[in-house]
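There is one chain below, alone, in structure tokens, taken in the form predicted alone.
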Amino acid sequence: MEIKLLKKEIDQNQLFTDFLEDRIEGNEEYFSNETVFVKELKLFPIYIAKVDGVEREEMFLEAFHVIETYYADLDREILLNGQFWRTLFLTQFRDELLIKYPQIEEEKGFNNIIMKKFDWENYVYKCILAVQYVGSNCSSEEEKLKRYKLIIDNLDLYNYIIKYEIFRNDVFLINVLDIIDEMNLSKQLKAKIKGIEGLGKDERYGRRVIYEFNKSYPIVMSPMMSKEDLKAQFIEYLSIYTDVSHLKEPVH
């Protein structure tokens, strides 16, 4: 199926009105000359906010599965092109999205779900990177599922990893996930930091560890480290904010 992409410069107010009135598809004024060929289209959860627990995990796993099955063979340049996804949402999936996300009938919801900037805060972007990084580093479905669930369970830390360009690295992400799993750190890293002045109101241990990695780069080349070296550095940065004596191996 050939998809003609929307123009990048579009009047957003008019776009919203025409979306509601189903006047985008077929209106050549909206479309550029760029096209993308997709074998088959399938919608997946594109907005996974304000849900938790089992429902959130199911929605993320569905998104990962659909992206991997239907879209992963597209060029990375296309997958990370927000205009490609907006085109699908506005033209190919309009009716389904209006049912799934009725809040897009309001301009605020439309802008926050359909037109949201395509970066680390966008759920589709998060899911694409997860599929790319996990899919290329797992030899079995069981291993892949385990890593996907670690991302979902540690979403706050995952967000901060993909926020920084230097950490958008499949090996770094996999190593961090494995360290969290092996050392049972998930609960600790998600917890709010208390008793340390000068931090923000909602600082978490995982965020601060990633912050320290970012601050130390390029002196500490963390994306290039082996897992064992990364683990030692991870504990070192965590120790800035909490007692880690129970995590350190005894010296023989």
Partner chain sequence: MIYKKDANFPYPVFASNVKTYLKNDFQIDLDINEDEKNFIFKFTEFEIESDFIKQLKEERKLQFILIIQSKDNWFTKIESPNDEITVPKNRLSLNNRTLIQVHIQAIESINFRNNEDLIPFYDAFKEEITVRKNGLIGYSNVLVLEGRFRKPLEIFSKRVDENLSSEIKIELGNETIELVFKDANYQFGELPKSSGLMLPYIYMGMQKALYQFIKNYGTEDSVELEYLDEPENLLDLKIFNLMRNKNVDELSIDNVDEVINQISDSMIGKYASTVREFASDGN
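Residue numbers count along the first chain shown, from 1. Remember, it's a predicted structure, so these values are computed and weren't measured experimentally.
Keep in mind that the form predicted together with its partner chain is missing from the display, and what follows is about it.
Q: Considering 112, 159, 169, 122, which brings a non-hydrogen atom within 4.5 Å of its partner chain in the model of the complex?
A: By the 4.5 Å criterion, the partner-contacting residue is 169.
Q: Between the options 129, 98, 145, 155, which residue brings a heavy atom to within 4.5 Å of its partner chain in the model of the complex?
A: It is 129.
Q: Even though its partner chain is not shown here, does it sit in the model of the complex so that 20, 174 and 179 each have a heavy atom within 4.5 Å?
A: Negative, none of the three is within 4.5 Å.
Q: Using heavy atoms and a 4.5 Å limit, would one call residue 219 a contact residue for its partner chain in the model of the complex?
A: Judged by the heavy-atom cut-off of 4.5 Å, residue 219 is in contact with its partner chain in the model of the complex.
Q: Within 4.5 Å, heavy atoms only: does residue 224 come near its partner chain in the model of the complex?
A: Close contact exists here: in the model of the complex, residue 224 approaches its partner chain to within 4.5 Å, heavy atoms only.
Q: Does residue 75 reach its partner chain in the model of the complex if we count a contact as any heavy atom within 4.5 Å?
A: Residue 75 belongs to the contact set for its partner chain.
Q: Going by a heavy atom distance of 4.5 Å, is residue 133 a contact of its partner chain in the model of the complex?
A: Yes.
Q: Have a look at 202-210, 35-43, 187-195, 55-63 and name the one stretch with heavy atoms inside 4.5 Å of its partner chain in the model of the complex.
A: Residues of 35-43 come within 4.5 Å of the partner.
Q: Just to make sure I understand: among 196-212, which residues lie within 4.5 Å of its partner chain in the model of the complex, judging by heavy atoms?
A: The stretch 196-212, when checked against its partner chain in the model of the complex, contributes no residue at the 4.5 Å heavy-atom cut-off.
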